[in-house]
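This text opens with one protein chain seen in two forms, each one given by itself as structure tokens under the names structure 1 and structure 2.
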Structure 1
Amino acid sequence: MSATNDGSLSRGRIWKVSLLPTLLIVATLVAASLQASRLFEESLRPDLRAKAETLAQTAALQFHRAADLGIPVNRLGAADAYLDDAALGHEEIRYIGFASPDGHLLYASRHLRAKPASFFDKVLKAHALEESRGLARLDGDLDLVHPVESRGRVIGQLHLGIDATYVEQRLQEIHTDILITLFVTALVTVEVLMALMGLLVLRPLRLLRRLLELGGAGDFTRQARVRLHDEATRALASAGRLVRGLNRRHAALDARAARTLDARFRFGDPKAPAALEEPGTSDLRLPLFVFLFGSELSRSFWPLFVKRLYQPGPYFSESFMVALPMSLWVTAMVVCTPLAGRLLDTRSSRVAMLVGMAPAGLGLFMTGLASSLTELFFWRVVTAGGYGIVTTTALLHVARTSKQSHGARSMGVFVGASTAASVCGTAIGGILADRIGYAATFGVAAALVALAMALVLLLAPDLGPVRAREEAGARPTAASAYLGILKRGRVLLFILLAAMPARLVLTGFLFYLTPLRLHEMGFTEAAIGRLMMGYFIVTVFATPVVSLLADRHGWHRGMMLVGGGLSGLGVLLFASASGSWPLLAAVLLVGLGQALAATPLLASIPPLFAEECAGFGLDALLSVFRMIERVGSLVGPLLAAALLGTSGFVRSTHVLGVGMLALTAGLAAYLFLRSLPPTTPTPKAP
């Protein structure tokens, strides 16, 4: 089948068709966002002054009450601590001071006490040139003065220092959040449009073409199952009615006439026709995207969420307990990975997806309600088990329905959906956690998983287990296949050098060390999510380009090596970076490296290990690959936690970066040796 007919060109046309409505939607949202931003900016500055005046009135009550009781305001005890408490929790308020009517500072909050005595003289002079009534600007701050009265006379003045850059910082964060939301909206729109175009247009037309091809060959035994009622499916239904009519007429013929026709044509049972299905690599893309979107919402704040529940104990350090759920997650995924293959063989991909999504959704919801680390660990394992089944099912579905000549592009469907979901989940999750809290964010994640289950029921084809059984043939059982593959040293060495380092950097560096480091540097949850999103954005844009170039030019191995090198350099750059832009550049470099290394990786397995694929099956080989690969994900957080506890952030990051470069050099040597002609025959797979 040509590239034109196998769906690859159609995906390009779908992308073009999806781009126009996406741009229109984004343009509309941009206009609405600009208007909302302008209105918000106009109201924020007055609101900030109004809040400061309200706080001043509240703080003045105790001085007013003391004066009413006859206590001189210059003899109040603990007034400094009172002002400290009054300023606490108001990040835009730098200080609060109380001065006598003649301008002597009597009491001050901590920040004002730390300033030299000349500072308050500047405050008084600034009010002589105040820009508006009661408000003066000095040294980047605004000083609001509020008179305190008792029985008709002024007993003192409260001075509130307002951070003049607070409004600009909040506006900058809001503008950034708006841009992120627009970007996520564009990604979600493209994903949904591409999936719907594929399901509503391409899939019915593909089935119609297949039905006509079978009819042209004299085969009238199969019927397509029509579940929707649009133009394309109506055309398919019309062809199906024609086939059913032929089968009914065939069944009504006498035996002699039927035998004459049976010599040239094949007819089916008009009451129970065989199903016609044409599985594609994009069948599960939309449910998978929505599921991963929900699962990734906690990515940017997960270590911070675990730290909130940590209680110091005699046995385990905080860094170990924060890393432990990430390792339990990977362990549960590894344990449940074989279950996905078994469900595919005995049931169907639709059933396997639903079996995985149900516990994942429940686990996400209950994780948000966890009140102890024990509860959190339990529900994290439940979530991870479902996550492992879903992702492995999607991967095996893509592997079974893709063609080897377009392996990287087909795997790019899986990688692209998972990466786009990671972009959306990481960015929106950080914003949601900042606005509505952790528990509500996990509730949103569970709702998205429930939506993914509904999409599976509505859109995913029910292929049944027959296809898997036909393909399995006389191959060994799953257990014996796994053992046979594990005995192959060259397979294990490739996974150890190519897959495990990438996963180790991903979980140990990006998911564990990066949020902790950024939080330590003063970044909020939303800011951490924004910066980490850079990793996924570059992966989204790089993945289709990398997969196309890898398939077209056969650059799979070279891209893996370049990707490993860039990942190592990015980790090393992050260790020495301090500002937002250098940190972002390091994260982008790691993302580009991971895209180069991961996208052609799965597509490299069939040509590199053709003998193992033929002997054990591609499903078994990919399952073993994913299991061992996830060992890297398991080790990553624990190794990073151990390094962080013993040598600090910079050295631990250096170890990860240098290790990544060393293992990439080992992979280069391995691939070079594999390219040499064999000197000894390789033991054959069964």
Structure 2
Amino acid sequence: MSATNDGSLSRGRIWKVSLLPTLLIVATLVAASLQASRLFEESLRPDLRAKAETLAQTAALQFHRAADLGIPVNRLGAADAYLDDAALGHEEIRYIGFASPDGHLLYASRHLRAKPASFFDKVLKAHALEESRGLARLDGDLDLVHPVESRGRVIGQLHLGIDATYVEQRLQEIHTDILITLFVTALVTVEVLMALMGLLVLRPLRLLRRLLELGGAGDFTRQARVRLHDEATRALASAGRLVRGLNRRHAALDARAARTLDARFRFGDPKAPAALEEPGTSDLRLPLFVFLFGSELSRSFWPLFVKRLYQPGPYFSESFMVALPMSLWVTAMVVCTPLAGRLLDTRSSRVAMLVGMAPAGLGLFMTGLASSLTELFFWRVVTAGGYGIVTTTALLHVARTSKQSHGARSMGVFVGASTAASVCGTAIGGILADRIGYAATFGVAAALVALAMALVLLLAPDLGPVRAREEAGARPTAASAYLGILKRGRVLLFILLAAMPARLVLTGFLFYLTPLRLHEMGFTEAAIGRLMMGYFIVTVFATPVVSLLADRHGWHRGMMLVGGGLSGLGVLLFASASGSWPLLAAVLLVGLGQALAATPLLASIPPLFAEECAGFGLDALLSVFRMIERVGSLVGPLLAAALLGTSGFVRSTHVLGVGMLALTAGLAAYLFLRSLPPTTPTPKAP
């Protein structure tokens, strides 16, 4: 086991160890969920008929009254509208109709009016055949007949169409919610287990090895601080006792002997030994996951929540005001980013995390209570500021503490936590909003952030300032480097064609248009969350495969083009899709496209811009990339809002999709031109 690869091996072990408890937990939950859904099914079915009967009785009251007053049953005014009203708010009731005793349909609610006349003949025939006590089965519908009497004489029949698939649909929704909850539980369990394993097993073992290495080299100056008591830490503690004993004995030696020893070994002060701490990149993983989980809870219903507070005003359209907080979010986040670096330089990652989380939690809580858009904007900015500090701190912490060789994998800590949180947050947030309402969901989000703060206090060691490594010391020149890069037209063009569209689609299409459109189509918050979760899941699964394929076969450019094309097609498909499966397919397509396009993007920069890399450094080039991507995130919702305001949903989605395809075509042309001999003599795959 060499020092460089043991990290990955132990990580693999952790996975294996985590798998079993996760499976056990999930299996238990599956059993409980199955039981719950069976109970639900049993209680839901008979209720439907009882409810329809009650509704029929209520609707019949006015017909009774009219008949009692001597109003001829065929001379009633606005009876269609009355039946429309009666059916309103009862999702399972397809229609209500009123027929004369001889079977002529006199009045009907909207849905029934829209059906051909032959439909009602079918209803009558079905009733004539059935011995079902007034409940006839038609294709897809049930028809309940309820006689209306006045003064002992039947004056007509009310017909209520019950959606036979209603129960199945509700059950299907509940089953999906249960499945999602299981999936999220599994993800959360793995996250927690990995964090605990890291803290309880990996960390003490790593410290122990470090201590032994130091001892082997004759350095006895350091002591590991032991906070927990289990097997691994006990081993560490006994090693620590050994070192302390050596130090004590060294101190007891007379000066002469000590001098001889000092030539070979280094001892510390037995009373106050220097602390041996190993800043681990995974210290922050669990708190970060919980924090991001909370922040992402509102993802699926955010535009709907804002829309609810919108009051028509003279200056700004609704679509603009709904998009504005999303752009404010990006702006506030970017503005607060430098604060994280400063905190990290002067205090510690622990303090920086707490400083970011406190306003974010408060902001989330107050957002739920906001009663006007002004309040909402304010609290959103507060939340975003905190969010910016936390995420930047996490990124910098990982970047500064990881060993160079582990850089990429350590970055995975951040990416993994944030993707898992996006999946969990979006899905669970939708379900929560559906069941307990928006305000309470924001409350849960704030509680999760508070939990994350507690986890930071418990788990993350206070290491003091984490300084940037020396090689990043070339900072002062960064601004001039940025300008220099931006002046290079070809870099800017590449970014505008390749990097920005992806962000535009993500924020403008997925975060802004998708929830609004799905809500308009009658989807519940839970259903919106499920659909949007599809995007993140496909990203989770596709990204590693894409990286692997791209690296192995050098398909970077092709993948970027295919990804852009798929995204555009997905957006176009979404515009014309109507059922939940086509819509899900569209979202998955967009997700797949984004994964295909985003992953090889970074890898393709060095070969494409070798000259700039040499001139300004890869870091500066990547920073410019990130910066312009953020501009895309900022513009995305506003652009989508402007389109929505002027041309409606379908057309604005078309514009976005076609725009995406056009930019991808532009990128293809650009890459083709770049691959021509004069610029790069041998267009070899990297």
Partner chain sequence: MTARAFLAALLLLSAASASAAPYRVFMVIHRTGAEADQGFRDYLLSAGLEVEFTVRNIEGDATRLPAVIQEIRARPPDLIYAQSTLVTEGLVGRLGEVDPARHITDVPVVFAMVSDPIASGLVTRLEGSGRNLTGAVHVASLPVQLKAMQSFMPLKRLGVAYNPSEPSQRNMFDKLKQLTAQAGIELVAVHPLGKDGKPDAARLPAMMQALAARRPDLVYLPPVNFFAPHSQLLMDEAIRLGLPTFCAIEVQLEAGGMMGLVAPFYNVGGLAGFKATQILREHRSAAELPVETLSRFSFEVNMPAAHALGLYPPMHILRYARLRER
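Numbers follow structure 1, counted from its first residue as 1. Because the structure is predicted, anything quoted here is derived from the model rather than measured. Take the two forms, superpose them, and find the largest set of C-alpha atoms that agree within 1.5 Å; that set is the rigid core.
*Asks:* Does the form predicted alone correspond to structure 1 or to structure 2?
*Replies:* Pick structure 1; the other is not the form predicted alone.
*Asks:* Does Gly385 move appreciably between the two structures, meaning a CA displacement of 2 Å or more on the superposed rigid core?
*Replies:* After core superposition, the C-alpha of Gly385 moves less than 2 Å between the two structures.
*Asks:* Establish whether a shift of 2 Å or more occurs at the C-alpha of Pro116 between the two structures, with the two forms superposed on the rigid core.
*Replies:* Yes, shifts by 2 Å or more.
*Asks:* After a core superposition, would you say Gln62 shifts its C-alpha by at least 2 Å between the two structures?
*Replies:* Comparing forms between the two structures, the Gln62 CA shifts at least 2 Å.
*Asks:* Please give the CA displacement of Leu88 between the two structures, in Å, after core superposition.
*Replies:* Comparing between the two structures after core fitting, Leu88 shifts 3.5 Å at its C-alpha.
*Asks:* Ala610: how large is its C-alpha shift between the two structures, with the rigid core as the superposition reference, in Å?
*Replies:* C-alpha shift for Ala610: 11.0 Å.
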